[in-house]
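A lone chain, given as structure tokens: the form predicted on its own.
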């Protein structure tokens, strides 16, 4: 089934409460992990039949904070608003002038964060999510693009050695900030480099913003496909000139509203998309990060996607 749920999935109320209790030292780490595993198993069952399953990243705080565990001398500091949402991310700040990945920690880190602590095997068919360069730069301090590129390259190289994976690189900055020519070149060069590591499909996923002014840049990037928020972008403009043979991760259900989309309207939408792009190349998804929704609403929206895509 062509549905992708990259990134973090909302925690259940039970897991939210357990996390709060753990922070207040009311329960042990083992008790928290038991609740998290129950949540993860429930999410796993909801993805039965998916071409690439997601772990839900239920142990993550945001897309960047886990990187503090492997970057030498790195800490998390004050909060910064996550684009135009009502959530906030911690900011990464290395103490070293030459921050880099401690590769001796990499295998354990990948198992903990990307394989859900061993819940999934290295050869499981999974979708992994990484931040792109501009996102990393926005939510870090005192770290240069060259260092960010090296850090993300090291992680991508490790992830892309694992079989049966899809890599989604998340970048909401496209359409939000004006990229310089140098930033565009850095992004293109980075994607070209990691594309040589394996045959793992790589999708560059945007969110929140109108990216139509950036299509010339996006559509020339050396990736397998693109993720588009179709609440912020008109179907016609996105599909006109869409590169032949590329995948489209279709942001078809909203993450800024708990209203559950109607199945018939979603079918009409996907029919209009597959008029231009072969159905096998189209993956249904959330328009933005799923964790912005309550778990109950995300589950209901996912159920509708499954009905439409079956």
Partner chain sequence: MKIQKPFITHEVGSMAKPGWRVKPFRKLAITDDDIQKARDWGRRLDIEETPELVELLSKRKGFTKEEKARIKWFSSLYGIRLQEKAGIDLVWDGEQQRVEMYEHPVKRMSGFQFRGHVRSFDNKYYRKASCVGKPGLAEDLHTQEYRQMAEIARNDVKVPITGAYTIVDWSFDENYVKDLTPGAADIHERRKKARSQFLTDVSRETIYPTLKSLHEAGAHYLQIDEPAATTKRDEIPEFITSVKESIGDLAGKTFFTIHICFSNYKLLFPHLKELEGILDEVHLEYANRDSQESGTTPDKRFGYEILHDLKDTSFIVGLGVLHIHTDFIEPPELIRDRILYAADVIGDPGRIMVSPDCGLRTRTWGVTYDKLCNMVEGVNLAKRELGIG
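Since we're looking at a predicted model, the values are computed, not measured. Numbering follows the first chain given and starts at 1.
Omitted here: the form predicted together with the partner chain. The next part is about that form.
For the chain shown alone, residue 40 is not a contact residue for the partner chain in the model of the complex, no non-hydrogen atom being within 4.5 angstroms. With a 4.5 Å cutoff on heavy atoms, residue 97 does not count as touching the partner chain in the model of the complex; it lies far away. Proximity of residue 279 to the partner chain in the model of the complex: non-hydrogen atoms within 4.5 Å are absent; the residue sits far from the partner.
Proximity of residue 25 to the partner chain in the model of the complex falls outside the 4.5 Å heavy atom cutoff. Though the partner chain is absent from this view, in the model of the complex it lies within 4.5 Å of a heavy atom of just one residue from 197, 176, 120, 109, which is 176. In summary, among the residues 266, 247, 53, 64, the only one with a non-hydrogen atom within 4.5 Å of the partner chain in the model of the complex is 266.
Annotated contact segment (heavy atom within 4.5 Å of the partner chain in the model of the complex): 85-93, selected among 99-107, 186-194, 85-93, 139-147. Annotation: in the model of the complex, residues 255, 291 and 294 each come within 4.5 Å of the partner chain through at least one heavy atom. Residues of 220-253 placing a heavy atom within 4.5 Å of the partner chain in the model of the complex, in sequence order: 230, 231, 232, 233, 234, 235, 252.
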